[in-house]
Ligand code: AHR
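Before any questions on binding or motion, here is one chain by itself as C-alpha cells, the form predicted alone.
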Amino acid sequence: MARIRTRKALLPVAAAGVLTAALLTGAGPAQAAGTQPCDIYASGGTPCVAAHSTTRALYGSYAGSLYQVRRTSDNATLNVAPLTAGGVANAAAQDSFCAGTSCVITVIYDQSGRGNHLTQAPPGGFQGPAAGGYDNLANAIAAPVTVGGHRAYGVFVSPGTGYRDNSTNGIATGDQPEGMYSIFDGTHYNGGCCFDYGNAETNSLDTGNGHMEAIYFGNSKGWGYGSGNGPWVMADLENGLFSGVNRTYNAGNPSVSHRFLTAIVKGEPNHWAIRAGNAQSGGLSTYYNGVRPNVSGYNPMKKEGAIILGIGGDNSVSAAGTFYEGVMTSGYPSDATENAVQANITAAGYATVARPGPAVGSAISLRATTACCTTRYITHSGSTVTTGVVSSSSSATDKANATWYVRSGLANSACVSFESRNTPGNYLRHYNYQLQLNANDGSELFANDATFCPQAGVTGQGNSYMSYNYSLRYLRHYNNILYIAAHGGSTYNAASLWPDDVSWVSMAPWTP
C-alpha cells in the first residue's frame, strides 16, 4: 500500500519583507492565457499534483508566485508572478530588482496548490558544493528566453546545482500511476549524472531499483542509451537510465536536440512510456510504450514521492541542463491528453533571445571598466593571462597579445570562446578558477572551461561573461589577474567592486 502523506504548510506567496513582482512596473500587458497545461490534464482525468515553471503560469487562472529570487547585495528576496493570471512571468520586475548585482533562484513554487515547492537540495549520497553540502542555486539570469514575445528566464543547471522537495503531497508512491512532462533546452546537456525532473527518494539516498521515476535528459551511456550519439530522453528509475525495455541499448530511442524540447515519462503497473517532441512546433513522438524493464526490481515499482530537479535521486550533482517548465500528475495521462498539452506548449511561443556582446568571427580587445583600470586590457604572455596597459605606443607584440577572435562557444554555440590572435588554436580557459591560455585539446572539459556566456554588463557598461560550467561565476580581474569569480567571498570573490570588475567593453582590436 502507498504510504499516506500529510499536507504540509505552503510557503507564503508574499511574506513580510518580500517584494512581489505584481507590485512592480515596467512590463507591458500579456495576452489572456485561457486554458493551460494543468487545465488540460484535469480535463483528461489526470490532474497536476505538482506544477513548476519560472517562465509562465501552468493554469489559466493562476496569478500567484512562480518563483523567488535572492540578490547578493543585501540578501533581499523577490517573488516573481505572472504579468496576468495564466500569463508569462514578469521578468522586468526581476531585472529591476537584480540590477547592479547578481541573483539566484531560491524557490520554484508549486502552482498546483499542494505546496510541492522546489528549494535548494540538501546533501545525500553525494555532497553539493554549497555550505553544509547543499547544492548550488541557479543563476537567475543565465537562461533568458521569450514566451509569447515576453522575456522570461529558465533554470540554468550547471554541475553542482540542484533543487528538491523530500516532503511532498499527492505525488505517486509505490506502483501508483503518474505522468510528467518537462521543457528543456535540448542543446544544454552533458554525460554527468543526472539531469532529472521527477519522482525520487525522500531521504536523498539510493534506496534501490524502482525507487525513482523521473525524466532524464543528457548523453550519458553509463547505463542505458539510444541510437546515435545522444542526447536522449530517458527514464531514471534508479540504478538505471532506461531508454526502453532493455537495461542498455534500445534502438527505438533517438538522439534529440531541439532547442526547446518537450520530454515525457509516464508509468503505471507494469506499463510505462517515453515521448518527446519539439516544444516550438509539431506533435509528440513515442519512443517507448510497453512493459517495465526486463531487469529485476522495477515491477512493481517502489516510488517514494520526492521531487528533484537537476540532480539524481541520491543527490548526484555532475549534470548540466536547462529547465523551463514541468508538471507531475495523479494518474496515467492518455496520449490524447499529452497531445493537447503539446499543442498548448507550441502555441505558447517559446523563442530564443539575441545573444548580446561581440559578433562571432570578429576581432576585439576587451577593456576593463573599473575606474582604476580603464587603460587595461585582457592580455597574455605565454599561458599567463592578466590585464595590461595597452596604448597606441605599445609594441606590436603587446597589441597582438591583447587581441582576441570571438568564436562560437566550444561547448555551446549560444555562448562564445576567445581564441588568441597571435597563437591560433589557443583559447582563454579557466583552471582552478584562474584564467589561462591553452591549446584546445578537443576534450569536453576544455570546451566547457573555454566557453563564456555574454550578458549585459552588470554595471550597464559593455558585457559580463558567465562561465558556462560554473554559472555563478563571471570573468573578473582582481589585482590584474583574471579569474572566474563568484559574487561575495574572499580575495577574488570579494563583493567590493565585483560589478565593475566583471563588466568589460569590447573595443576595436589593437591588432586587426
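Since the model is a prediction, treat every value here as computed from it, not as a measurement. Throughout, we count residues from 1 along the sequence that is shown.
Here the subject shifts to the form predicted in complex with ligand AHR, a form of this protein not shown in this document.
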Ligand AHR contact at residue 36 in the model of the complex, heavy atom, 4.5 Å: no
Interface membership of residue 215, ligand AHR in the model of the complex, 4.5 Å heavy atom rule: no
Any non-hydrogen atom of residue 469 within 4.5 angstroms of ligand AHR in the model of the complex: yes
Ligand AHR contact in the model of the complex: residue 124, any heavy atom under 4.5 Å: no
Position in contact with ligand AHR when the complex is considered in the model of the complex, options 136, 420, 102, 316, heavy atoms within 4.5 Å: 316
In the model of the complex, the one of 196, 338, 185, 110 near ligand AHR [non-hydrogen atom within 4.5 angstroms]: 196
Site test, 67, 268 and 287 vs ligand AHR in the model of the complex, non-hydrogen atom cutoff 4.5 Å: no
Segment assignment from 154-162, 404-412, 272-280, 236-244: heavy atom within 4.5 Å of ligand AHR in the model of the complex: 236-244
Residues within stretch 202-224 having a non-hydrogen atom within 4.5 Å of ligand AHR in the model of the complex: 206, 212, 223
